[in-house]
Ligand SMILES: NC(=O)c1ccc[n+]([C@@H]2O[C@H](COP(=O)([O-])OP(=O)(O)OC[C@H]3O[C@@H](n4cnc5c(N)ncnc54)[C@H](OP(=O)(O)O)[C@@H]3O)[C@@H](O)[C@H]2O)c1
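Below, in structure tokens: the form predicted alone, a single chain.
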Amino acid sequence: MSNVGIITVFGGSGFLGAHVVRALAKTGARVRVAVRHPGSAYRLQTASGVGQIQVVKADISDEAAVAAAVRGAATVINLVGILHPSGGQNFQRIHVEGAGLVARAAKEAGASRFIHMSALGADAESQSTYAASKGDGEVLVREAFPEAVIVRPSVIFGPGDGFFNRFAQMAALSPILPLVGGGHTKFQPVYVVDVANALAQISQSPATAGATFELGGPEVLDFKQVLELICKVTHRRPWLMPLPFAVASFQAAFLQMLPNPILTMDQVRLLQADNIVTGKAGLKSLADLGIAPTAAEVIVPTYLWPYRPRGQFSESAA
């Protein structure tokens, strides 16, 4: 693999990352996938279709490994992120220090483009540690690489997602689904393929340098509507029980101690703010890339059908 035109993708083996790598490969790009566990990314080399894919080991907190991963790359994309702390992985280390390290390494290596995956609601002043760390990460990225493109998606959905699948599983196992905060928090779910195609286009468009993109789907749904969609698709009828933020926070204090918690106190704080495109002046969207966003109600039924009651496992079931 020559060094010309290489795109290094950190976090390329995850839910979003796998789609991004495939979208880049379809353009004929040579993609270097930098991940902590290379074994998790080798499947991409046989499923890419077009283009060349190389897998390398790199933890974004390891300066030497990061430097090696970006060496010779024309474009660097950072997709690494976590939803809650686990072991040695915490928001400060991953969203702030890691993001800054990758951006500095990309600039020092002579990369011409840097794309950083943030999140809607990223704000250094947020009460949510997750959102605050995303905001702090953006600051360090822009300090190190002023021309960086910042991408802030709403909740991303698609086969294998951690949002719709999580609540579909809960609906299949429990007669009750909690409406945290009464279910009024607004989301603008965006399809993973639309996000991946957006990043692929941004990687090939010098005109986007220094821009910030907010990516959302065609519809704004509140939390209750999201759960209602999930229940409709899975043919489940749990009681949607309103759960005040104070009560949810109390329960989360215990739930967050589980290895893979369904709710944390920080997520409760995050749910107290809407997760939708702001439309602020100067910010770009999918429309600026010519991408028509795909509605959740079109895609979600194609992958949540296995959560239906026994005997209703057909994708075409009404």
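Computed from a prediction, not measured in an experiment: that's the story for all the values here. Residues carry their position along the shown sequence, with the first being 1.
Below, we turn to the form predicted in complex with the ligand, even though it does not appear here.
Every residue in the set R36, L79 and Q89 has a non-hydrogen atom no more than 4.5 Å from the ligand in the predicted complex.
From the list 107 to 115, 225 to 233, 81 to 89, 204 to 212, the contact stretch for the ligand in the predicted complex under a 4.5 Å heavy atom rule is 81 to 89. Residue S40 is the only one of S40, T27, Q256, Q54 with a heavy atom lying within 4.5 Å of the ligand in the predicted complex. Contact with the ligand in the predicted complex, judged by any heavy atom within 4.5 Å, is made by just one of V277, A252, I60, L271: I60. The closest heavy atom approach of F15 to the ligand in the predicted complex falls within 4.5 Å. In the predicted complex, A122 stays away from the ligand, with no heavy atom inside 4.5 Å.
G137 falls outside the set of residues with a heavy atom inside 4.5 Å of the ligand in the predicted complex. For F145, no non-hydrogen atom is located within 4.5 Å of the ligand in the predicted complex, even though that partner is not displayed. Contacts between stretch 142 to 172 and the ligand, counted in the predicted complex as any heavy atom lying within 4.5 Å, involve P153, S154, V155, I156, listed in sequence order.
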